[in-house]
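There is one chain below, alone, in structure tokens, taken in the form predicted on its own.
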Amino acid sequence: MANNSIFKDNLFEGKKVFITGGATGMGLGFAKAFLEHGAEVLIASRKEDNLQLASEEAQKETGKELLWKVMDVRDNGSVTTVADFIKSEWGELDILVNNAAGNFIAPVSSMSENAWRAVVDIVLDGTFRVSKACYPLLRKSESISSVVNIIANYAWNAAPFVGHSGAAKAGVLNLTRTLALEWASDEIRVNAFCPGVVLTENVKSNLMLDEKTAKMFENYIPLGGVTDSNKMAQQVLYLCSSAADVITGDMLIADGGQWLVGNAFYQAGKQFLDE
């Protein structure tokens, strides 16, 4: 089994998968996992250099081709262009993972309009744009298709010092449940996935500003500690598999119980502001 996966290598044989924000971090981890399990995968993000590097890395590790397109989820024209490419290349779509995101620590009182808008436009509005553009393609899937929206464990509670991301992720969670009902008759499942703490490069540069902050976050995780993209990819594979065909409008939390303990962003944010 690839990457010690618990799933069969051919689990997604012939399936067509589109992942936003797929050039780095967890998104790339998801992409490689789907490739390793037989799927055809397209990733998209804003930076061509990152996409090229991701494609080369995936080819080296999996021996399979990873398709990619430059796309900005904040630009509806850009999103439509990629949806048109999927239509011409595949004709349908089986799985969509809305993974594109942006976040950084800042109190609402000093947050600029542009800072707020930047995160909400990527996370919430971007999820709307991509989901809507891909809807006709998901409808054409020969089997039950699946949408997975990546959220965070502050989406249903307070999000101190990351209020822009919290409000956006809360909106995505609500949109997830709305689309689950609206699209059920089209045999499209829509679920949310809440990952644990994964120290991707973006997380390190925007949230885990130093080793002390990273340790603080880890202290809030009862089980498993800081995790990795491979473990998180296994959860997404499950949500998109036929084993989950009766699951829609739900939320899978895989954060080691962190959300039950408290909000690490509150402590991290206070520390950041006090210094």
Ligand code: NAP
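Everything numeric here is computed off the predicted structure, so don't read it as measured data. So that there is no doubt, residue numbering starts at 1 and follows the sequence shown.
Quick note: we don't show the form predicted together with the ligand, though the next part is all about it.
Asks: Mind telling me which stretch in 188 to 196, 80 to 88, 133 to 141, 170 to 178 gets its heavy atoms within 4.5 Å of the ligand in the model of the complex?
Replies: Looking at the partner contacts, the answer comes out as 188 to 196.
Asks: Examine Asn50 and determine whether its closest non-hydrogen atom to the ligand in the model of the complex is within 4.5 angstroms.
Replies: The answer is yes: Asn50 has a heavy atom within 4.5 Å of the ligand.
Asks: Does at least one non-hydrogen atom of Met26 fall within 4.5 angstroms of the ligand in the model of the complex?
Replies: Judged by the heavy-atom cut-off of 4.5 Å, Met26 is in contact with the ligand in the model of the complex.
Asks: Does the 4.5 Å heavy atom contact test between Ile122 and the ligand in the model of the complex come out positive?
Replies: It does: once the ligand is placed as it appears in the model of the complex, Ile122 has a heavy atom within 4.5 Å of it.
Asks: Would Asn99 count as a contact of the ligand in the model of the complex, using a 4.5 angstroms cut-off between non-hydrogen atoms?
Replies: Yes.
Asks: Exactly one of Val147, Val162, Leu93, Val73 has a non-hydrogen atom within 4.5 Å of the ligand in the model of the complex; which residue is it?
Replies: That would be Val73.
Asks: What residues in 222 to 248 sit within 4.5 Å of the ligand in the model of the complex, counting heavy atoms only?
Replies: Not one residue comes within 4.5 Å of the partner.
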